[in-house]
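Just one chain is shown here, as structure tokens, and it is the form predicted alone.
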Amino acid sequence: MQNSLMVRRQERGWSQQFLAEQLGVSRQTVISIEKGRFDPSLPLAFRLAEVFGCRIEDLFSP
């Protein structure tokens, strides 16, 4: 699954560590999601959308 997480994070000037803290996950998890090596659970996807103020569909695409 492709995602725009890295671009959106960088646009806000957020570090991977900052995003991880906002999500309550490890920095390694953020890295894995950004690189497409890990698809987040539905609750984590909802949390990501909430943090970025958008819809899940805006972050992820098949």
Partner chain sequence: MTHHADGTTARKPLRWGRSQWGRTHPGAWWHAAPLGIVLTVTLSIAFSLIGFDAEQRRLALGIGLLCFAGPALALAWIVVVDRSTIRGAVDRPEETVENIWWDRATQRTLYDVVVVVGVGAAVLSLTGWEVTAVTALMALAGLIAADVAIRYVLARRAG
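Source: prediction; values computed, not measured. Numbering follows the first chain given and starts at 1.
What comes next is about the form predicted together with its partner chain, which is not displayed.
Interface residue remark: P43 is counted as part of the site for its partner chain in the predicted bound form, having a heavy atom within 4.5 Å. Its partner chain in the predicted bound form is not approached by G13, whose heavy atoms all lie more than 4.5 angstroms from it. In the predicted bound form, at least one heavy atom of G24 sits within 4.5 Å of a heavy atom of its partner chain. Although the partner is absent here, F38 is a contact residue: one of its heavy atoms lies within 4.5 angstroms of its partner chain in the predicted bound form.
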